[in-house]
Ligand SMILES: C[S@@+](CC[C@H](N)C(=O)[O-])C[C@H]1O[C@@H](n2cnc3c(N)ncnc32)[C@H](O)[C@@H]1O
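Just the one chain here, laid out as structure tokens, in the form predicted on its own.
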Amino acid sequence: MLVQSLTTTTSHQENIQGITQTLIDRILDKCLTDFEHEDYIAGVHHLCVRLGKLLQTHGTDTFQDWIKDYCLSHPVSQYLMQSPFTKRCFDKPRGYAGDATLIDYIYRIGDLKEEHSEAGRMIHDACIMSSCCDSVRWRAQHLGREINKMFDQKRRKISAISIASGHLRELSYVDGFDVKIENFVGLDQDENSNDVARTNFPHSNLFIFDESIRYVLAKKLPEQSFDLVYSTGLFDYLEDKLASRMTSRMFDLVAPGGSMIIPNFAKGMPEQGYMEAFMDWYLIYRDEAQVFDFMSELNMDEVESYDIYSDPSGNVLYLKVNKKGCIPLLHTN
């Protein structure tokens, strides 16, 4: 009976895989036809939407198991790899997905580093018109606005720190940096990214450390607190336990009356299937309850208030935690 049961299960799985392959063929063939007719926007949109729905049905494990390789073997992949956006992420020249140069592609900043055809450029442009890229651009604007808002609230020069800071493009949205900022610390393990940030923002009150997040977790930063502590894309890569530890350590850095902001991509993002199948880009997507759990190691007696909200596209969740102005003393018996 056990042998019969295993045989039945295997047959069922093969049947499901056969149905899925037929569906994937239709999705990829339709995209290929669009590309051959130079309708790149329609092709990319169709591919992202349909692969997103397929991933929601079958899950990331199935994508990793065989769907990704199946997609990469299709002729449409030859078109997609002509796109600097897709190609750079897949090749990972810095050793990891989503490097600061790739994020600059989303911001439409700088020249394209990878060789590309005219079709590749059109596919590249179609990709960065997607809703998830809109969310990345909104994130930089939002964090810049939060820096401006903190200055307005404090009515004095403020201090801030960005962890895993990349190219610090959010500083482009800070009006009058030297007027508003007492000191700003950026910390990133990618020295190339840090050099770009130093060149683009040559402020005497901007200090950038060539260090990984271990530097923060080990409490090696100079003894200092900050009015605003934030990260941009870091938590999308942190497992739950490490995310909670990092949240706690970041909150330790918040000065009384200051704030901490942590974004994380939300579950159900439409482009997730495309990112995993063709870009080899894996994030940890979370819902509100999971973002709330970031605070599991905080001393809630120090928390004045917190809020969990999303960007206009609903692709990114934000946790903002405000620290009390006066930290209560610990009472001992």
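Numbers follow the displayed sequence, beginning with 1. Please read these numbers as outputs of a predicted model, since none were measured by experiment.
Keep in mind that the form predicted in complex with the ligand is not shown, yet the notes after this line are about it.
With the partner removed from view, the residue among V254, C71, L234, C89 that has a non-hydrogen atom within 4.5 Å of the ligand in the model of the complex turns out to be L234. Just one of I103, V174, A197, C132 comes within 4.5 Å of the ligand in the model of the complex, counting any heavy atom, and that one is I103. Taking the partner from the other structure, the ligand in the model of the complex has a heavy atom within 4.5 Å of a heavy atom of D190. Residue contact check for I213: one or more of its heavy atoms lie within 4.5 Å of the ligand in the model of the complex. Of the heavy atoms in Q82, none are within 4.5 Å of the ligand in the model of the complex. In the model of the complex, the ligand lies farther than 4.5 Å from every heavy atom of H124.
Heavy atoms of no residue among H46, W66 and G273 are located within 4.5 Å of the ligand in the model of the complex.
Per the 4.5 Å heavy atom criterion, the ligand in the model of the complex is contacted by stretch 92-100, the sole one of 113-121, 92-100, 254-262, 73-81. Contacts between 144-176 and the ligand, taken as any heavy atom within 4.5 Å in the model of the complex, involve A164, S165, G166.
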